[in-house]
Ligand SMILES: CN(C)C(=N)NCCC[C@H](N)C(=O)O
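Just the one chain here, the form predicted alone, laid out as structure tokens.
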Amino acid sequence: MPKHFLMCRPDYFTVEYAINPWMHPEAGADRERAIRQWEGLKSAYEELGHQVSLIDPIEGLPDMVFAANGALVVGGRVYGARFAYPQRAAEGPAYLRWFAERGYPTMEPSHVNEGEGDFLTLDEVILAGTGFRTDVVAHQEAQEYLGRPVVSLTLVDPRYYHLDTALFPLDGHNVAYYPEAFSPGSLAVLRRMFPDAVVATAEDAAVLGLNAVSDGTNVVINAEATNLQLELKRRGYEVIPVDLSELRKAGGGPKCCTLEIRGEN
């Protein structure tokens, strides 16, 4: 089934501060190359039949390209983002305003959360990350507003600072994940909930291979995650490798650039 995605062109992308271990301002980033790579990701979605809407980038918000962090949209309702770092604070209101102007019911959050960076939606449950960017109380707030069960998972490796860097839904009832990114109790929960999950290697996690987008048939994934691609193919998925190496300099991949707009369901 075609999906609806919101994306933000990286017209103002740069690495000028460090708020995660991937970011090295002294090394800089090539904005034009980042734009070309982003355009390739957008084209990949459109070639798969998905709808892509765009939010205008805002000068001075270099990370606004990472649209997944801007909100969580479930059942046509929008739970807004409240960023942990002041450098990104203005992104939350900008994304919420985009949805409000288009008639979506929206909620301004009371607690720190970074949208789909830490909330990943399956058919019956929302998996929610905490430990670095999202307050666990936000999990409860999202559950109350969206009316979906939320399962909290604790992240322990600063390289995998958002849940979407360590796990992605394969479809509505299964996931792929990197075990070492999670606390022992959270890993036990994942093993119990998803006994048939795809388990990624350290090598694939280290190139943000888990920051992928699946529509249940096709998986758009960082090209360097070669072992994970082979396992996905073995499971019957079509794999679409993309190069987002420039955006990875800020800790982002395909999923970070992609906010899913889920309608009434």
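For every residue, the number given is its place in the sequence shown, counted from 1. From a predicted model like this one, the values you see are computed outputs, not experimental measurements.
Note that the form predicted in complex with this ligand isn't included here; everything after this is about it.
You can rule out all but one of 183 to 191, 105 to 113, 163 to 171, 146 to 154: in the predicted bound form, only 163 to 171 has residues with a heavy atom within 4.5 Å of this ligand. Within 4.5 Å of any heavy atom of this ligand in the predicted bound form lies no heavy atom of S245. Residue contact with this ligand in the predicted bound form: A68 places a heavy atom within 4.5 Å of it. Residue contact with this ligand in the predicted bound form: G252 places a heavy atom within 4.5 Å of it. Taking the partner from elsewhere, N211 is found to have a heavy atom lying within 4.5 Å of this ligand in the predicted bound form.
At a distance of at most 4.5 angstroms from this ligand in the predicted bound form, all three residues I19, R133 and C256 contribute at least one non-hydrogen atom. Interface residues of 76 to 102, taken as those with a heavy atom within 4.5 Å of this ligand in the predicted bound form (partner not displayed), are limited to R88.
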